[in-house]
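We've got the same protein chain twice here, in two forms, each standing alone as structure tokens: structure 1 and structure 2.
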Structure 1
Amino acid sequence: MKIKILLTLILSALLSCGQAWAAKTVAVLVSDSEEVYNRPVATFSEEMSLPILVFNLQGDIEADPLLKDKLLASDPALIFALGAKAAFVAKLWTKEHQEIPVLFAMVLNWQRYKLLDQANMAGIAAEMAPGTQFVNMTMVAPDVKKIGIIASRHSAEILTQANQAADLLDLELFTEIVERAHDFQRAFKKISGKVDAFWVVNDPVVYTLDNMAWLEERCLNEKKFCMGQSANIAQLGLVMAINPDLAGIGSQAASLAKNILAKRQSPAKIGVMPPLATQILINRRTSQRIGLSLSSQALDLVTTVVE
């Protein structure tokens, strides 16, 4: 009888352990009051079935000295950190509490902060994966086979990812590494004759305002399909831009959070995923000027047509 009671107790303890997160809250930690965080936070909150508590660093870890205590006192089952400061602080605050998983998002160049050094950390990259950009590029312009890239050594990691994606999609990349912004035009001229399209990497060394203006003109003159990541690129006059969808980031984070909490997927196994949801912008005027005919199927994929 005693053994039976003991077994029952152990079983209920195990069951309650598995469901422990169900009674908890999820903490959302934002770097500051930037409007850009609103949509992902709203989507994440809507899709999680746990109470959400939002904590704001207000741009400064010392703005509220009690914030760490308040956050940990809420006994969060998970922390969703938005922005570089929030991600870094969440890592710091959970150093002694690694039983609390942390998901980060909207951290530009997340590698710089060594966020994955801690086993409880996982995230969604702020940048679209090169593959996602190539795959959408070839949906809109199926004839593109050879892509030109001009970047500095700072973009080495993204170029490795680009090469892997190019292999998967049977694309050929022509990469020119330049040391200074000044070398951009020469590099463009060197590879322009060999490629069908240019892909603009987020590389501040190379893509200065002057070089972007020059590139826009050259793409039009040489009728090249030029694209990159950032809505501004299509607004400025390049034919196509791909952005991560902000609502999609919140939704993806909610999926990952559920997998960690309910299905015990380890954050270390998730690592950093690229954003899966896209916003695709096409500049119709530029597409006409470079002679790109947009098929009905291509237009179906596009989220926004810049007229």
Structure 2
Amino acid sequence: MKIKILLTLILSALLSCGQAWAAKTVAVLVSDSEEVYNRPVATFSEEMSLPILVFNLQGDIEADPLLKDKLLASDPALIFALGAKAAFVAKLWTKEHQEIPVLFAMVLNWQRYKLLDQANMAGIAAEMAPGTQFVNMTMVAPDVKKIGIIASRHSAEILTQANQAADLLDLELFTEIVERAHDFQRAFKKISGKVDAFWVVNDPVVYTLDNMAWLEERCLNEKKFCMGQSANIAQLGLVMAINPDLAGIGSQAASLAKNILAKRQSPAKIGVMPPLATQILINRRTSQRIGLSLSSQALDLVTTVVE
């Protein structure tokens, strides 16, 4: 009898916990009104069983001085923050409310913002793991063995992962560390003769429109395989881009949110997960200009062919 009563009490407690979070809403905080956030927000909203309230920073934390109060007044069970500004602001706003878990996504080079300093923070990386990118690179261009990388100190963790992946895949990396954006061209020229491909890191120092436009021209002139981590890279003219699928980000975030809310999984234990869904873009015109022959097997991997 005592065991039966104990089990009943435990079950009742679990049900009351479930009802407590199920009665709340989920706040989605976006950095601005960019269209790129629409798909992950839509997928996340579809897969969550809770009401969703969307809050927009409009690119500036001071655009709506009452936004913090509005968001916290909604008593969210969880905050899903998209973009660097939203992620940083969500961390700031929950500093005194760490009972509210925060999931962030679409934050380039998330390490530089020290988002995991708070125990209520977890996220999905904006970049595919270096190993995943290198594997796809070598499947499309099997002759690539030596890869050049230009980055700043902000990409230290990514470069560590890249070196570990390169060792496993028998690739050789040539890395130049720069401090300023205008050092990019000098660094490229220094290692260009040693490599047969370049990998563009989403580094806050070197990843500028001017540098990417210049890199596109040099890769074409020198007929080098150049790959990046943004769809814009392939649209601009580099051969290949590998980036997370936007709808997949929303779906993955919904799955993590359910684990946190329903299964009481700790955000601190989740940390930052790699994106699960991949989007691969190939620029066919550029591949032809650098003399790269795309096999049927390589094209089978591709999500989008840029003509």
Partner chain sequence: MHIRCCTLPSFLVFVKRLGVLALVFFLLQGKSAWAFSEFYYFNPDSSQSNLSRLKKGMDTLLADAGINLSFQPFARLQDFDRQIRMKPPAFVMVPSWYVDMNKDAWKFHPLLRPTRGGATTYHKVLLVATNATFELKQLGSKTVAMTSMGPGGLDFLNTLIFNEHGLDAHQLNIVTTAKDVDALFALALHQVDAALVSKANLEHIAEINPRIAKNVKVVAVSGPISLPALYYYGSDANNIEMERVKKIFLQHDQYSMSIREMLQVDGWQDYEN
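Along the sequence of structure 1, residues get numbers from 1 upward. The shown structure was predicted, so the numbers you read here are calculated from the model rather than taken from an experiment.
- Between the two chain copies, the one drawn from the form predicted alone is structure 2.
- Two rigid parts of the chain turn against one another between structures 1 and 2, and the hinge residue out of 53, 218, 155, 243 is 243.
- Comparing forms between structures 1 and 2, one finds the smaller rigid domain rotated against the larger by 23 degrees.
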